[in-house]
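Below sits a lone chain in structure tokens, taken as the form predicted on its own.
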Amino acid sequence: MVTRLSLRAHGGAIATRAVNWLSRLSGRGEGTVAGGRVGLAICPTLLQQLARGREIVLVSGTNGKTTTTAMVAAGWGGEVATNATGANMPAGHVAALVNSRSLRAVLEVDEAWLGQVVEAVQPAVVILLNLSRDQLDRANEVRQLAQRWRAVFSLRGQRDVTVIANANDPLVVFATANAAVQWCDVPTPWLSDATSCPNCTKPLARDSSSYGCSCGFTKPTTATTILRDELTVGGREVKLDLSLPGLFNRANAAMALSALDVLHVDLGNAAQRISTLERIAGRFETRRWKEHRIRLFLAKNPAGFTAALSTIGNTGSDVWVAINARGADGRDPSWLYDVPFELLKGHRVWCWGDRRLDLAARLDYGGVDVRVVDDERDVPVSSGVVTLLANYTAFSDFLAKSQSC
């Protein structure tokens, strides 16, 4: 059972609910952050106290946190406390736990905050997806994050936490050297941030299925493997039939099911529940905007775009790409030159957003047929569903002005 809150924490919890309710009522936000900040100001240990007595899974990494968190929650079944809107710092975690009395919780965690949150909530399982460049104007260098993660799991108090980790990302492998890990062999299309050994900096030798370095750093033996339409977890086969598109979502599902296996959840039932997910906070959803039908993909960095581009076939259909460079996106869009936009050859691509000219220049260098959208009225209506790839604020803009079909 959830332990009784101290008087100060109880006041912080009440304040969290009240402020978030007012935030929603006034239309100034989704009510998932402001109240948590107030609650933590009243009681700095509020997150620790709300977490006591709960079985908690944390999900972190540069890409796939929100989707994997939703998969864990769905696969677990029943009521699960979660930060479904993606508010992934302590204020959002407080709001999620305040609003549920469930003894089970799954929380996505910003990579830079993982150490503090692990210490605060003492999770049963931590899922680590990947580490790649993101928000270049303010984010730490990726290897620094790997070092910080490594320090977290080197602490004596954290060595009993079970970590579900991506064995194909050398930075994740380095970060979890001192942890109790169950490794997952999952599709990881973007590895350009881990071309050298994170242990000694020498170049990593790679083949189609492994990697290694002369210093002894190598890919670990895995417990979870994806094989066509099946997933092998600890030698047991589980049918994996997702409604969500792409190999990257199969990887997310594999990580989620591996975590649920640690919690002794029946994997067949969990996989069936996960298979019913068709959209995650607007991601992968087909929506209507004016006379257009668009399917939304969130892609915020080279790793995310590489994964999303792999879902677009060679049909020659129209593709929309929207790029902003506002606060939540990071002000520096130079990462556009690391995205393999050449995969869009054969498609007509429409460039949207505040940085549409930067995007158009990159696509033109890649030999892609490109159009710049200066006036929305100039975009013709497609006969089918248009794929829209958008980073954070551009995605939010389209989500807000469109409706579900």
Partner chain sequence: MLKIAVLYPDLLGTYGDAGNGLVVAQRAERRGIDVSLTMVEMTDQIPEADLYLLGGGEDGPQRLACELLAGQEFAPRVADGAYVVAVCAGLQLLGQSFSIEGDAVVPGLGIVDVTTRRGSSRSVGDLLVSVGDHLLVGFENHGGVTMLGEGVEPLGALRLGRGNDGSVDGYCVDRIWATYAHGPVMALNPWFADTVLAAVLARPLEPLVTMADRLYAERCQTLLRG
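It should be emphasised that the depicted structure is a prediction, and the values quoted were computed from it without experimental measurement. Numbering follows the first chain given and starts at 1.
Keep in mind the form predicted in complex with its partner chain is missing from the figure; the text below concerns it.
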item	value
Partner-facing stretch of 97-105, 243-251, 198-206, 83-91, counted where any non-hydrogen atom is within 4.5 angstroms of its partner chain in the predicted bound form	198-206
Heavy atom of residue 236 within 4.5 Å of its partner chain in the predicted bound form	no
Residue 357: touches its partner chain in the predicted bound form, heavy atom cutoff 4.5 angstroms	yes
Residue 288, heavy atom within 4.5 angstroms of its partner chain in the predicted bound form	no
Partner contact for residue 51 in the predicted bound form: its partner chain, 4.5 angstroms, heavy atom	no
Answer option from 141, 278, 160, 79, heavy atom within 4.5 Å of its partner chain in the predicted bound form	141
Heavy atom within 4.5 Å of its partner chain in the predicted bound form - residue from 293, 273, 326, 133	133
Full three-residue contact with its partner chain in the predicted bound form, heavy atom 4.5 Å, for 342, 361 and 372	yes
Partner contacts for 63-77, taking its partner chain in the predicted bound form and a 4.5 Å heavy atom cut-off	none
